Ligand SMILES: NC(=O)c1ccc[n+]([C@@H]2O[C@H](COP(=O)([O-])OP(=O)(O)OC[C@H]3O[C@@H](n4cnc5c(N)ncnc54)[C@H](O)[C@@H]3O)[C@@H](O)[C@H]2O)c1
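Just one chain follows, in the form predicted on its own, and it is written as structure tokens.
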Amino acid sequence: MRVVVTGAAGFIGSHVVDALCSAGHEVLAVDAPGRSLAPEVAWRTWAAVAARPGVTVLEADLAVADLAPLTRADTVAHLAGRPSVRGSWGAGRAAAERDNVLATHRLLAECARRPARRRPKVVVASSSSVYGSAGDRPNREGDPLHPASPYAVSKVEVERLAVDAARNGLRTVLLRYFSVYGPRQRPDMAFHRFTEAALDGRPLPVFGDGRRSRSFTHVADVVTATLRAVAEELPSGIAVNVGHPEPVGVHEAIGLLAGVLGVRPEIRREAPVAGDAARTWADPARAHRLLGWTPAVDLAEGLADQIAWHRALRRPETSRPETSRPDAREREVRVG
């Protein structure tokens, strides 16, 4: 199968590329690392993606590039976008609109231009943020959406575009990811910040009172669900929760992390983030029914995995790769 992965230099996207290659698929990896929230990290990951056998890399900004090369595939895993509730306020609002809504609109429109029999299926990454804060039960896909930040609003609009495209004959699937963590997590994300602070002997920066809870979902489980969505025939335009069914409080998660690290953490309180959900809580019943998917990694195991990755980065023998662009120029195509 030929699969296009947008956001291939990102946290989830790079893992999806790895898994697709390991499964023997032909992969076109697409990203614009310079637009990442952490460009140096993205360029390192991009170099590693480019070095994988069987991967062709395409550096392209989806908001302006010619996207025709992306449509010559069986499936497009559209994982690119502008993440972060916190970063979407103020000047970040326009970036979320551009990199999430405009980019998705252009990609879906280009895929729809293909002859009907040659149109790829498009698996679109969405977010638990579309629900707002969960109430007294886990969120199900049919629940009303209550976006509370510009980022969440942009994801609701991304979903609307995908559903409209499905009504017009393009096969689409929406995956609502819940609080993904694990190796390669972005530096601005909670467990990355907590782990690095703890390893440095610094206080852990916690937004708000630490009482918020999340359906923390390990990236390996997210990748499994994503690959099944790529491979399976699902009802077009459907949304599917990809999240652990047991929410865990931030304080409890810090306790687990501290136990793995063998430290007694000191907490530094920071102002709460506007629009940040008090609780995310996934009902993954639809994913189990349609994809045969159930999360397999519990939080203690997953945190140990992420911490091992952080420690490996600090060992001299596993020094960080150069932050330059990929050297594999003969396999890189530039557009836009």
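So that there is no doubt, residue numbering starts at 1 and follows the sequence shown. Only a predicted model underlies this, so the values are computations on that prediction, with no experimental measurement involved.
The same protein also exists as the form predicted together with the named molecule; that form is not shown, yet it is the one meant from here on.
Trainee: Using heavy atoms only and a 4.5 Å cut-off, decide whether all three of Ala77, Pro183 and Thr224 touch the named molecule in the predicted complex.
Mentor: Negative, none of the three is within 4.5 Å.
Trainee: Among 201 to 209, 258 to 266, 124 to 132, 139 to 147, which stretch has residues whose heavy atoms lie within 4.5 Å of the named molecule in the predicted complex?
Mentor: Of the options given, it is 124 to 132.
Trainee: Between the options Asp61, Glu40, Glu26, Asp305, which residue brings a heavy atom to within 4.5 Å of the named molecule in the predicted complex?
Mentor: So the residue touching the named molecule in the predicted complex, by this definition, is Asp61.
Trainee: Counting any non-hydrogen atom inside 4.5 Å, which residue from Ser213, Ser179, Thr195, Thr71 sits next to the named molecule in the predicted complex?
Mentor: By the 4.5 Å criterion, the partner-contacting residue is Ser179.
Trainee: At the 4.5 Å heavy atom threshold, is His310 in contact with the named molecule in the predicted complex?
Mentor: Because no heavy atom of His310 falls inside 4.5 Å of the named molecule in the predicted complex, the answer is no.
Trainee: Does the 4.5 Å heavy atom contact test between Gly275 and the named molecule in the predicted complex come out positive?
Mentor: Heavy-atom contact with the named molecule at 4.5 Å: absent for Gly275.
Trainee: Answer yes if any heavy atom of Val16 is within 4.5 Å of a heavy atom of the named molecule in the predicted complex; otherwise answer no.
Mentor: Result no; Val16 lies far from the named molecule in the predicted complex.
Trainee: Can any non-hydrogen atom of Glu159 be found within 4.5 angstroms of the named molecule in the predicted complex?
Mentor: Because no heavy atom of Glu159 falls inside 4.5 Å of the named molecule in the predicted complex, the answer is no.
Trainee: Does anything in 1 to 22 come within 4.5 Å of the named molecule in the predicted complex by heavy atoms, and if so which residues, in order?
Mentor: Gly7, Ala9, Gly10, Phe11, Ile12, Gly13 sit within 4.5 Å of the partner.
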